[in-house]
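A single chain comes next, written as structure tokens; it is the form predicted alone.
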Amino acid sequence: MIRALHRWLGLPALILVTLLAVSGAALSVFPAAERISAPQAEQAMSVADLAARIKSAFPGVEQIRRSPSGRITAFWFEGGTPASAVIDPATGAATASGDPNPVQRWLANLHRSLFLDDAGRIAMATGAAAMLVLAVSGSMLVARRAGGWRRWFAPLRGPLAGRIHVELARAAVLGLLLSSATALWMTASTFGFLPDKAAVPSLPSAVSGTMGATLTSMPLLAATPVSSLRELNFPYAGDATDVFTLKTESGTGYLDQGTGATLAWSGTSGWTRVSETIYMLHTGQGAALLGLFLGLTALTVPVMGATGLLNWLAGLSGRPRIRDNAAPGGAETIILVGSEGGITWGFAATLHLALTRAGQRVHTAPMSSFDPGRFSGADRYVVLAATYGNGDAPASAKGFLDRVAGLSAAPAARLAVLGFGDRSFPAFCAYARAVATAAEGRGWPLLLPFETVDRQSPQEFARWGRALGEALGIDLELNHQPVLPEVKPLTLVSRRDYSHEVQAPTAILRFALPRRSIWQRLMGRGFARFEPGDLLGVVPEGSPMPRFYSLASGTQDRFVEIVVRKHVGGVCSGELMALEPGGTVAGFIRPNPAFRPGRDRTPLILVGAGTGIGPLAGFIRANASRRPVHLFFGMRLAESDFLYREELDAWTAEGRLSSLSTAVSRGRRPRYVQDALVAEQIEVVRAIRKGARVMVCGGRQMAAGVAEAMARILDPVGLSPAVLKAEGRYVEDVY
């Protein structure tokens, strides 16, 4: 709901909000410029002294006005023509013309009303209201993306356009909230919706009828500092019944021009003070630095508008076009899709086409749009859901579980849930499983039991499709052709070979980082930003299915590095191991947010064997903050299998690696990596008590042995790997 509001309000309001922001940013410069250029009165100078000096220089002066910037302007008539000048308070002489800046006036009229008077004011107020709603909804979306308000400044991932959009929102949201809210207040005041009329005293019924009192002899003028002056109006020349009118920040009063006595006084009302404060907060008049800050925040609006538009276009391009998509209320079958990168939408398109050809009326939509009221004619729901990170909802499924929990009763239409994931991840199909569990808990009738598809397998998808067809009483064949992500050619620049002595050829392969255009960076295309622990998908020649390898490098390293072991009959590993410098393979990046070391200072316990050291080496390489890191590394023979030996020595010397424990399984005293953990159990427990995060990478058998050893180590202190996993402090990347 919030995402939809933010998007569908932002797109149509983009031009108006941008015009409002850019013109406001331009106007924000003038208060600062005026404050710098205007001569300032001395702190102790009184209005009486200032008025006397100006009167001496301009005998016909009729009004003296002080702006919030401190600029003093005098006004008079000269030969029947109005004249004005900026005054130097020290001398009372003119320093510049007092005529309004024509550029500033033009910008102000554009900003306030589009040169259209009241109709334009209403239009610009609408733009301010849109900006306020966008700022509030955007703040909520940033907090949701970051994982809560406390993680407001958490690091971001994803396409450059999306990261720019969110970073600018983080920096500018307070200024935009302030600017838009104060603009709406000022519009309400302009149209008389607020009781902020200035309190003006009644004109005196009797005056002395004399003239000629000196300005310096008038007690109120002498007691009023120039810093509080707003306006001083002189009596009309030759009219003994007229009076001086003094306006200050504390009120308005009348003075007898013959005696100098104060005839009437009225203090400033609370509403007036509030309105003046609102005006200052919006314009920066009297607070030049605040004005510049608001101007800078306003300049983020067109950039956020452009990046928001790019994000929307990227979302559309990542979703296949669904042909013959029936109206929501008239569809028999509703396909709801939860996808992060767009792959699950491809499976949904295949299912939609097959069901439509079988005579079904089908509507396909994101899970985030789930509303039983919209789908009143549905006989069944089919949910296709991927998982993001460690069991989180993917982008197009945000809010689905909340909507299910908020239902007064489960829909009568039966439900089938199919999860998409990769079994090598600990949270395999965890979100889809959570959807199925929540639906079962609400009593939602099932069309099919919960099923999963591993690694985008067309065969598993087709098998599930046949089961769905049987449940529907139709012949359903799902012939899905996977659409590979955009791949880039990766050129090998170096390789280091290991493990030939143990008949398990292994190599550290380093590829050049592919170049990306600015457009690709903005849209998150090409070789996206990555970190150690993310996955490199390699598409071998003649195969439609990619193989994945954990990355030992991040974007900041300016290269792509993986550790590969050749498997008997392995198509991809064979191709990679045969590669020589200068050769290329096709690859792409897949984020792996569940396998992250985090950015705090708590210790890290890294456990890996064989090629599992790849991402762990990447974590150590990236440890510029010298966080405590303890590595437990298992190998077969130290002479042939000690991957990253030279780097580990160097990283230890630099303080990036705190300690290294090795386990050699084919040495004179064979031991495995779990044995190394047991040998160092006192240090391991001490680190875990300090909040350490355990990260395990390697084969399943090794990971199972490590988990068993950790259970024995932690049991005396009342902990276990399961407890640490629940706290997010024990993560695995196994294969």
Partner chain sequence: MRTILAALALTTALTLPGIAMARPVTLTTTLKNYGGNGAYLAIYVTDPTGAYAGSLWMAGTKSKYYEHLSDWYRATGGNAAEINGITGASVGAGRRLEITLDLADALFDAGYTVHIDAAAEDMRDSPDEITVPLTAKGAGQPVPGRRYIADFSYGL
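Residue numbers count along the first chain shown, from 1. Quick caveat, the model's predicted, so the values are computed rather than measured.
The discussion below concerns the form predicted in complex with the partner chain, not included here.
J.: Even though the partner isn't displayed, in the predicted complex is residue 118 close enough to the partner chain, meaning a heavy atom within 4.5 Å?
T.: Within the cut-off, so yes.
J.: Does any part of residue 245 reach within 4.5 Å of the partner chain in the predicted complex? Heavy atoms only, please.
T.: The answer is yes: residue 245 has a heavy atom within 4.5 Å of the partner chain.
J.: Given that the partner chain is not shown alongside this chain, does residue 633 nevertheless sit within 4.5 Å of it in the predicted complex, heavy atom to heavy atom?
T.: Residue 633: no, not in contact with the partner chain in the predicted complex.
J.: Please determine whether residue 642 contacts the partner chain in the predicted complex, using a 4.5 Å cut-off between heavy atoms.
T.: No - in the predicted complex, heavy atoms of residue 642 and the partner chain never come within 4.5 Å of each other.
J.: Find the only residue in 270, 209, 82, 443 having a heavy atom within 4.5 Å of the partner chain in the predicted complex.
T.: Contact with the partner chain in the predicted complex is made by 82 alone.
J.: Could you check which residue among 559, 236, 265, 312 gets a heavy atom within 4.5 Å of the partner chain in the predicted complex?
T.: Only one listed residue qualifies here, and that residue is 236.
J.: Only one of 531 to 539, 185 to 193, 486 to 494, 561 to 569 has heavy atoms within 4.5 Å of the partner chain in the predicted complex; I'd like to know which.
T.: Single hit among the candidates: 185 to 193.
J.: For a quick test of understanding: in the predicted complex, does each of 62, 75 and 203 have a heavy atom within 4.5 Å of the partner chain?
T.: Spot residues vs the partner chain: full contact, yes.
J.: Taking heavy atoms and a 4.5 Å limit, what residues of 94 to 122 are near the partner chain in the predicted complex?
T.: 99, 100, 105, 109, 112, 118, 121 sit within 4.5 Å of the partner.
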